[in-house]
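We begin with a single chain expressed as structure tokens, specifically the form predicted alone.
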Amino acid sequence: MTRPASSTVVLALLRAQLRLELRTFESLPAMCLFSVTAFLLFHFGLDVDSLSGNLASGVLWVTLLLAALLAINRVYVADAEQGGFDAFVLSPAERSTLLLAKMLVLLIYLAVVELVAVPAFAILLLEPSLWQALPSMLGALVLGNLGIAVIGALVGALAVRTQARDLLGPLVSLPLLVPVLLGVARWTAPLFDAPRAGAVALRWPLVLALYDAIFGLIAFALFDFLLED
């Protein structure tokens, strides 16, 4: 049997996942609501009008990371409950295409959430203007999202077949995401310094890119074994 083109399979899987999300709205509304609610809690709980520097960066990225866990726990649920894993294993498609499709799904989810969460963060908590930090911040968002998507797509496949998937997913994901959190938080902290943005240390983008690349290779190497199990 002729194998279908990998790009065709990835696009088909991506469309199916996005259609499912548009029908059920299981992940995106929860992620957006969680992010905005967390910023409101920080706003009133810390009893400050605004944040800057390290504290502002930490609050932003911890909130985005925790919001991402909601999607990581759900991204494979339909495949596990409706026999999607077994059907995919029996198909002639390359198995890595499923991992790539789920990574793209998580990247899209994160991008949509950040369109809501970042402006909300700027309005509720950020002291310096977001506009001066935004151009440099886009790189951190891209590499940070990529790291979360790679780790989330791998850990989600591992956790979804267990009875305690809602617990196992965060427990496994969070330690692996610590380097991503450290990299993006240190990267963006100077951008949030008032009254003007500071210089970004080059080592943090490099560390983050290297971690994303290494973990991406690990994810593609292990994914076939996860589908077999």
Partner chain sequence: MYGKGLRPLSLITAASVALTLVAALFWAPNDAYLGFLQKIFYVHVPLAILTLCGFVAAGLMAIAHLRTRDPRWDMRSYVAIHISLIFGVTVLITGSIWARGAWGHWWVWNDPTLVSFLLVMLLYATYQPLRFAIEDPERQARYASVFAITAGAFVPINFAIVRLAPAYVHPRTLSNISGNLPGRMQVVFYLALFAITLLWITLWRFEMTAKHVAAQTRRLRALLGEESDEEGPVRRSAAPSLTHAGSVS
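Positions refer to the first chain, counted from 1. The structure presented is a predicted model; accordingly, all values stated were derived computationally and were not measured.
Although not depicted, the form predicted together with its partner chain is the subject of the following passage.
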property: Partner-contacting position among 98, 113, 154, 106 - heavy atom within 4.5 Å of its partner chain in the predicted bound form; result: 154
property: Contacting member of 55, 66, 33, 168, with respect to its partner chain in the predicted bound form [4.5 Å, heavy atom]; result: 168
property: Partner-facing stretch of 160-168, 24-32, 66-74, 39-47, counted where any non-hydrogen atom is within 4.5 angstroms of its partner chain in the predicted bound form; result: 160-168
property: Heavy atom distance at most 4.5 Å to its partner chain in the predicted bound form, all of 138, 146 and 187; result: no
property: 4.5 angstroms heavy atom contact with its partner chain in the predicted bound form for residue 217; result: no
property: Its partner chain contact in the predicted bound form: residue 61, any heavy atom under 4.5 Å; result: no
property: Distance check, residue 18 to its partner chain in the predicted bound form, heavy atom within 4.5 Å; result: no
property: is_contact(residue 14, its partner chain) in the predicted bound form, heavy atom dist at most 4.5 Å; result: no
property: Partner contacts in the predicted bound form for 207-226 (non-hydrogen atom within 4.5 angstroms of its partner chain); result: 207, 211, 214, 215, 218, 222, 225, 226
